[in-house]
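Only one chain is given next, in C-alpha cells, and it is the form predicted alone.
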Amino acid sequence: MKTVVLKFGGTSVGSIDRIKKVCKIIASYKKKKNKVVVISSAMSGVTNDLINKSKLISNNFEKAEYDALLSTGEQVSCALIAGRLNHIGFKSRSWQSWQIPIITEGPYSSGRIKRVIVKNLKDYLKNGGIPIITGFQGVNNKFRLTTIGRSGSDATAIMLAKFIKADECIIYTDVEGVYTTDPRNYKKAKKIEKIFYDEMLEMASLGSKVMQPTSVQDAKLNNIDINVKSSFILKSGTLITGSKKAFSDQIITGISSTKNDAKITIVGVKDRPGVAASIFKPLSKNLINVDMVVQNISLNGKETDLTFTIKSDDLQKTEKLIKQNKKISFKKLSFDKDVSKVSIIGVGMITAPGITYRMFQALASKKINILVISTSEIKISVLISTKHVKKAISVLHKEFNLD
C-alpha cells in the first residue's frame, strides 16, 4: 500500500466549492487503496487579512503572537476539509502542528522544520484515517506556535514525506506545473514534464513563483521527488527530481525574470584591500541581500567603480547606509529602479559550448543592452531595462527552442 502526501495551496482551497473539489481529489487517492496524508494552506487571502489586522493593532506586533495569529488560517481550512471528507463517508480529522508534533527551530516567522514525530500519525493512517495537517507552521522548544515563511506549506509537505517515508509527494496549486517561463509574460511558454532539483532551485530563486527555494532545497537534501499539479484541471504536472532517467537533451530548461530589482553604482571608490567588504558589511548586518556584483578598476589602479543589485524595496535603506558609511569614500552614487534580471537555466549548458554567445547575440538582435552579467554552472543572468523584459524572454525562448 502506497503512502501519498498531498499538499493543497491557498487558491485550491479558496472557497467552499473548491474545498469540495479538493475532497474529491483526496477521495480518488483513497479509493485506490493509498494511505493519504493531506497538508493544507490557509484559504487564499486569509493570511494577508490576518497580517493587515496585526498592523491595525500595532506597528510592532509581538513576533510570537504574530505567528500564533497567522497559524489560525490553516486551522480553518483543515477543519473544513476534514468535515467534508467525513460528510462523504471517509474517516478524517484535522491535525494542528503541535498535535503531531512538527518541531521547528529558528526565529519566529522563519523557522525550519527540524523533525516530525510521526507515531500517532502512522497509527491513524493504519486505521484507515485521512489526516488533514496544517501547513506553514510548527512548534518550538518553548511549546509556542511558529510559522516557517510564506509558502511554507510546501516545506511541511516535503518534510512530512521524508519522516513518514511516503512514496509520493504531490503539490496541488492553481497552475498545471512548472513552465519554461511565466505564461503571463510569454504565451508560447510550455509546461516542463521533468526538471532537476538544481534547475528548479535556480528558477525559484530567480523569480519563478511555483515553488519556494527553501522547499526545493529541502526536497533535494532529502531526495524527495515532487509532482506539481493543478487542482482545477485533470492533467499530468511537472516532476521535480534528481533522477537522470528519461530526461531530454534540451540544453536550456527555462527562463526566469524578476520585477523588483534595483541597480546601485558607486563611482570613484578609493581602491584598497577590503573596500568591497567595507561596503557590503553594513548591508549584510541589515539583512539586505546583494545579488549581482561588477567591479571595474581604473587604469591608474587607485580607484574602482562598484555596481551591484538589490531588491528595490531595500533601495532607500541601502542609500542611507552607504552615505553613512565612514569607512569608504567615493565621488558619486547612482541608482536605477527600472531594471530587471532575465536568466536562462539548464544543466545542459555545463557541456554545451557557445551558450553565452547565443544568449548575448539574441539580445543584441533586438537592441537590448546588457547592464550586468552573472553566471553559474547552470545559469546565465543579465540585468536589462525592465521595459525590454518581455522582448528578451520572447527572443531567448525562440533561440533555445523552447516555444
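Please read all numbers here as calculations on a predicted model, not as lab measurements. Heads up: residue numbers just count along the shown sequence, starting at 1.
Form predicted in complex with aspartic acid (ASP): not shown, discussed below.
J.: Out of Arg150, Lys332, Lys311, Arg272, which one falls within 4.5 Å of aspartic acid (ASP) in the predicted bound form, going by heavy atoms?
T.: When aspartic acid (ASP) is considered in the predicted bound form, the option within 4.5 Å is Arg150.
J.: Sort through Ser374, Ser340, Asn34, Thr47 and report the residue having a heavy atom within 4.5 Å of aspartic acid (ASP) in the predicted bound form.
T.: Selected residue: Thr47.
J.: For the chain seen here without its partner, which of 345-353, 361-369, 53-61, 38-46 has a heavy atom within 4.5 Å of aspartic acid (ASP) in the predicted bound form?
T.: Within 4.5 Å of the partner lies stretch 38-46.
J.: Quick one: does Phe136 come within 4.5 Å of aspartic acid (ASP) in the predicted bound form, counting heavy atoms only?
T.: Yes, Phe136 is a contact residue.
J.: In sequence order, which positions of 176-193 have a non-hydrogen atom within 4.5 Å of aspartic acid (ASP) in the predicted bound form?
T.: Not one residue comes within 4.5 Å of the partner.
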